[in-house]
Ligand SMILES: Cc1cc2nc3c(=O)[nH]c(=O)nc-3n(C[C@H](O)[C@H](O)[C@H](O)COP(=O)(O)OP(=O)(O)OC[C@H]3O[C@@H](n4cnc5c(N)ncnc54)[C@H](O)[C@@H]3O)c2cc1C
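A single chain comes next, written as structure tokens; it is the form predicted alone.
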């Protein structure tokens, strides 16, 4: 089958693209390497989302489920667990290769978010030994930390939001950041400051130890060089991600650095008929938010529609 548009990625941006493509009555295939819903489903399912218009607060997993259901009911064909590995021009169309097969489309929308990723590690003694037994790289369910002592590492929004998620349930929460200022939104910084979270700035984890589970973390101040041992039940590392994006350059896309696709105002890329939206795109003043990615998706589909229907006179 020749699809009007093939969308790579089933996060909020990709699913929004699918919904608007079907509104234009374009035959639409969405390919997702992992689980539909994107970061909402995979990274922080029980986190409350406060910045998506229309919801004062909604759990990420629920918001992701609504996106997926809307896309399916709109008539999108959705394949999960199918990683895209190839993008090649075939005559007037695009050939998209995956781990399970090949598809052809008149246009393509790339909406892979941060792509396939692995959490960055601290590379300290004890980290590998206790991974999954007290060392974690995200909060899958905040209720699992009820009554426990938790140490969170990081200074961005992910780290602060993780701390805010579990502080109500946990017995004690430490937030360790290597710099003297957080790199998060003011709303999160203010919320952490008003909470019972114990903040350790200019500090880094030096060692993780325990028996069958994590019991202790050694933290040192990188200004005074003083060390202290903190008794904990778990450590949550939130210091960013390493992404797999080497194939983007192989596809011939113009890039910004190693991981971001350059787009024009109409969300077109350097390849004719290939558009992009969401966290994977770059343009001046780009803001990585769910609502921003969804808006970019609408523009990307409008552009894809014009490309597919060329010549387009509206």
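Positions refer to the first chain, counted from 1. Model, not experiment: these values are computed from the prediction.
There is another form of this protein, the form predicted together with the ligand, and it is not shown here; the text below is about that form.
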item	value
Which of 167 to 175, 193 to 201, 229 to 237, 154 to 162 lines the interface with the ligand in the predicted complex (heavy atom within 4.5 Å)	154 to 162
Partner proximity in the predicted complex: residue 253 to the ligand, non-hydrogen atom cutoff 4.5 Å	no
Contact flag, residue 241 vs the ligand in the predicted complex, heavy atom cut 4.5 Å	yes
4.5 Å heavy atom contact, residue 249 to the ligand in the predicted complex	no
4.5 Å heavy atom contact, residue 34 and the ligand in the predicted complex	yes
Heavy atom within 4.5 Å of the ligand in the predicted complex - residue from 51, 266, 69, 258	51
Residues of stretch 1 to 24 in contact with the ligand in the predicted complex (4.5 Å, non-hydrogen atom)	8, 9, 10, 11, 12, 13, 14
